[in-house]
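What follows is a single chain, given as structure tokens, in the form predicted alone.
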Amino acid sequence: MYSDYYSQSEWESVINFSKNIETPFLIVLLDRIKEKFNTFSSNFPYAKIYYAVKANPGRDILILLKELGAYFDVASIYELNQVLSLGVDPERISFGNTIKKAKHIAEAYVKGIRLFTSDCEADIKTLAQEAPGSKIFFRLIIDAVTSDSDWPLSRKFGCQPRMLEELVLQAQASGLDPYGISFHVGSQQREIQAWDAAITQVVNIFKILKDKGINLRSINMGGGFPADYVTKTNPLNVYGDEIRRYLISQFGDKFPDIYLEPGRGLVGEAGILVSEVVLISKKSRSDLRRWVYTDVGIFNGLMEAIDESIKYPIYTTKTGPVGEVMLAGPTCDSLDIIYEHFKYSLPLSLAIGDRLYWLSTGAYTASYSSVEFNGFPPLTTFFL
């Protein structure tokens, strides 16, 4: 039921607003984001909250978070320019992508950015040349813990501890400021122990580098904080209490500077994606499961459902007996199957033209649907 995720007043505002709008589209509830930001702030009072802009770069979201005092983590020069255009002070922005062109580093530096993340020798060399004196986070690869997340990270980002130690020495020798270590425990990480394991690795590296005369001053714990999908998560205060306990066990009362970069955890539950049933079919007369095709799919909003990684709650106003379905998108591509193996059930009365409401879709939906594959336009977003 929608009531497991949204209040009656929230749901009524969504229904009333959306009844005459052509699907598909995304509705983002800004009060939900405000509430979640305040929850992060109260449960991590010692941390700077950097919003991962890539999760949802909607202008209204960025303006709200700016007013709330958030910081911003950008993944490209384009996101940087978008955030700067809103009057955000460059000191509130981190360039967190380890993969970036030299000319974009130079442009960011000219525009006032002094905090970057790196994980390889070539990038450190470029940073020293194009962004002299900047603070650097060194990204640690966390293999063991990211595999427990719903959307595990690949080995694309980060480096092993020995390499990281060498990069810190290289950065210091080249005039950069070795500021701290960053990591990411995997997106939609429900296992709180993942942070404990990562922090333990970071502490060991801190000690090794201190023996070499380098005092790192910060830990960037990245994102990974989960949203409620089909599988519910612990409340954020549970994560806050446990992570604080981990930090105290390692550092006592004198923490390094702590950074968080929530994206999904901030905006995921604020979104409701509204779609329409385009077609319902069976592949044989004896088929017990229906194929339900909607006007939103893998290529226009539901990329995170690929391999059925993220399982969104789905609601329809139709009632009555239910039956198992397979859900697919509208494009002429066999990859555009949303859920085939996970057992979703929808009312047998569901018909072509009915609406489906995909809950907790505020993150990585609109931002993943920018390409007009098969001519389908990017997902329209409305902010309430």
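In case it trips you up, residue 1 is the first one in the sequence shown, and so on. These numbers were taken from a predicted model, which means no experiment stands behind them.
Below, we turn to the form predicted together with a small molecule, even though it does not appear here.
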Is there a heavy atom of residue 187 no more than 4.5 Å from a heavy atom of the small molecule in the model of the complex? yes
Subject >> Exercise: residue 262 in contact with the small molecule in the model of the complex, heavy atom 4.5 Å >> reply: yes
Using 4.5 Å between non-hydrogen atoms, is residue 180 touching the small molecule in the model of the complex? no
Worksheet entry | Touches the small molecule in the model of the complex: residue 297 (any heavy atom, 4.5 Å) | no
Partner-free chain; cross-checking the small molecule in the model of the complex, the single residue of 36, 66, 355, 54 with a heavy atom within 4.5 Å is 54
Among 286 to 294, 105 to 113, 262 to 270, 162 to 170, the stretch whose residues bring a heavy atom within 4.5 Å of the small molecule in the model of the complex is 262 to 270
